[in-house]
Structures are given as structure tokens and as C-alpha cells.
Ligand code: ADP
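So this first bit is one chain, no partners, the form predicted alone, shown in C-alpha cells.
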């Protein structure tokens, strides 16, 4: 039977039954996400009814509801709109809660966004503007060591506190050291222990894009309401808004509003607040107001502990000498460390070979070579000192003669360019100097490179020698 199309391009409810519509939607989603995901997440869903333009779907568990909303809701809504033009919103609820008349979480799709908005002010994790949380990123799965113990303790304190203890919590460190893991662990802990609290977790980039869209659609009132009515706001990678004046302005006012209301703010960046270039002074002052916690580069002991934990979760027997080898060789960040272990295990399982030191070196030859090329600040100091014919000890001394100060600035500049160390860490390697000294050195070298082609060639030569 041929179906008529509505003016909106969708189908009217009378065209087909809900059961037939659901089969059509499931068929398309099944093809997109694969059989395993379909069986795990979509098959247990039950379409109940459409009432006043609201499609009602029940699922057996809270976890399943949250996962479906976070990962499949947008596409689900698009396909339903094609099947039934009268469906304006979707209500995904837990069957046991509806049976006891507990107010369900609701997803409104009329504006193109999806999110929780529980009745009676009982809001919780807002998936509409929040990024999905990774199931692996919990406190229980975070391996604690000396480089991250302070940040871990601060994150747990925030997650377990019934009221704000310090505001904001600002976590900073290099790529792949655990900032995002701790951020999401806080969100998971709050979500599970006090689900009535509203938590928004997102990247600074997403915050900016939503603000720009609100400006474009002349809908800033709703934007402000969304972000200023939460219990906990968590923004990852705030360095992204450096240099973006309008976004900083809105973020500053959002920050102040939440602090004034006694709401918790948790932020992360790759540098400390004082080192964020292109950030307004008043915002830097605000970011420094709470607790700033640095996550240092991993130690050998911490890396080995992470590998042991990972191997245990994978239920794979891995020789101790292989784990020790990886902990020694892959020092850049935890993501590369865990990724390397994943590759070794996958190779062994796929080709049916035993995990040995030799096979590990063979499988990870590219990763190991890349880590071998990583430059240390000590190497930079030695190379620059030799090039400019000064002593390495001059890099740490208080001497201010240009013959010493200029090479020292070049070394600081290269340390900033070629290592993942933060400005305070670099300063400490140069006789305990302040991070502002490093900032000045970087700026000065940049200026000299533009003004003096000979100097620029010297710096580029040093860079190539160190990278090679």
C-alpha cells in the first residue's frame, strides 16, 4: 500500500501502526550500528504509545536509559520524525519507575537537542548539552601514584562533598595524563550517588559552539538558563577559549553566576591558569581563586602500575619483563601506554602468538621509535650550550650577561616547543626560575626570529638537530 507524505515530509500516524514504524526505525539503526550494539541496546526497548505528540519508550534499567540517550537518541529521533511527523518529543523511561509513578526523565526534541528535564525540579545528568561519559573513567579504575595523587584526592573530595569546598577545582597537565579521566570520574560519582543533582560535563569547544549558535538563533536566554541553573558545571580543555573574547565574556558571567549560587565548577586545561595565554586577566584571577591541582608526568612506578591494572582487567597473562619494558619505553602519556598494551594483546590473540619481549618490540616498532625520539630539557640544555659555547651550568645560573642569557632563552623556547612540560616545570629546570621568565623568553625568541634571519636559522638548526 502506497503511503501519503505530509507537508513536513514525514508520515502520518495513520499510515502505519507503531509496531511497523518501530520495525522500520530499528531496521535502519541496526544496519548503522551493527548487530551486537542492536542486541545490547535497542532490542530491549519497548515502544508504548504516542500521546499529544510524545513518543513513549520503556527500557528495563536506568543504565540502559542513560546509555541510549547519550549515544543513540539524536539518530533515533531523526528516524522517528521520518516515520511519523506528529512525534515532537520522545520520553525514554524505566519501566519499573513508571509502574510506581516515579517521574521519568524526558527528552524534548522540538529544538533539535536532547536532554533530561525531570519533573518537579528533579534534574540529573543533562545529556542534551553534556558529552557522553566513558564507562572506564571512574575513580575505581584510576591508578593513583605520586604524580597524580593530589589531583585525585581533590577530585574525590569534590565528588563526595555535600557542599562546595573549593571553587573552582582546576586540573591541569599534559596530554594523556588523566585530566579527562578524573573529570568524568567526578561526574559518574555524583550521578550514581546523588542523581537528583544536575551535572553538565562538556568541552570548552562545545561550550563555545553552543554559545555561537545561541547568538545566531537569538536564543541566549535559554543558553544562560541551561548553564546557570546546574549544580555542577564541568568544562574540559578551557585553553580552547583563549583569544575568543565573546566566549570568555559569557563564560566569565556563567562562572560568576554559579559561584554566587554556591554551585560547583570543575575545569581542566593543559596549563595552569596563569600560563593560559590569550585569557582575560579577570578570568585568570577567577580560575586561580579555588584549588589548582597539577598532574605531573608519569613515573616508571606509576606506568608499571597502570599496565598491571590494565592487564588484570583484560584477563590476559603478560610476562613481567614485557610490562617493565613498556613502562620504561613509553613515557609520553597514559593513552599511548595503554594503546601499546592493547596492540600487543590484540596481535597475540589474532595471530595466535605468545606475548614475548621480541614480539612486543616487533609489533610496537613505530611507537617505540617515536618515544625514543622524544627530547628532554637536559638534552636541549646540553645541545644549546655546546652550540653557543657556554657551560651547561650557565643554564641554571643567575648570570644575566647577554652571552649567557640569550642561549638560556633559546633553550627555554625549545623546551616549550619540543617537550610537553608546563611553563612552571620548565622554569624549575632552569635554576628554579618563575614561569613568567619562561613566557618572556618564548616571546623574546619569537620576536628575534622575525627580526634576525641569522638568529632564526640558528634556532631552526638546533630544532632539527634535537628532533633528528
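Residue numbers count along the first chain shown, from 1. This is a predicted model, so every value here is computed, not measured.
There is another form of the same protein, the form predicted together with the ligand; it is not shown, and what comes next is about it.
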Subject >> Per-stretch contact check against the ligand in the predicted complex, the hit in 240-248, 168-176, 155-163, 209-217 (non-hydrogen atom, 4.5 angstroms) >> reply: 168-176
Original post:
Would the ligand in the predicted complex be within 4.5 angstroms of a non-hydrogen atom of every residue among 148, 306 and 334?
Top reply: yes
Subject >> Of 141, 356, 135, 288, the one that lies within 4.5 Å of the ligand in the predicted complex (heavy atoms) >> reply: 141
Original post:
Looking at 228, 347, 191, 310, which is the one with a non-hydrogen atom within 4.5 Å of the ligand in the predicted complex?
Top reply: 310
Original post:
in the predicted complex, does residue 91 have a heavy atom within 4.5 Å of the ligand?
Top reply: no
Subject >> is_contact(residue 385, the ligand) in the predicted complex, heavy atom dist at most 4.5 Å >> reply: no
**OP:** Check whether residue 130 has any heavy atom within 4.5 Å of a heavy atom of the ligand in the predicted complex, and answer yes or no.
**Re:** no
Original post:
Looking at the partner-bound form in the predicted complex, is residue 82 within 4.5 Å of the ligand by any heavy atom?
Top reply: no
**OP:** Work out whether the Cα atoms of residue 164 and residue 70 come closer together or move farther apart in the predicted complex than they are in this form, the change being 3 angstroms or more.
**Re:** farther
Original post:
Your call: residue 179 and residue 71 CA atoms, closer or farther in the predicted complex versus the shown structure, by 3 Å or more?
Top reply: closer
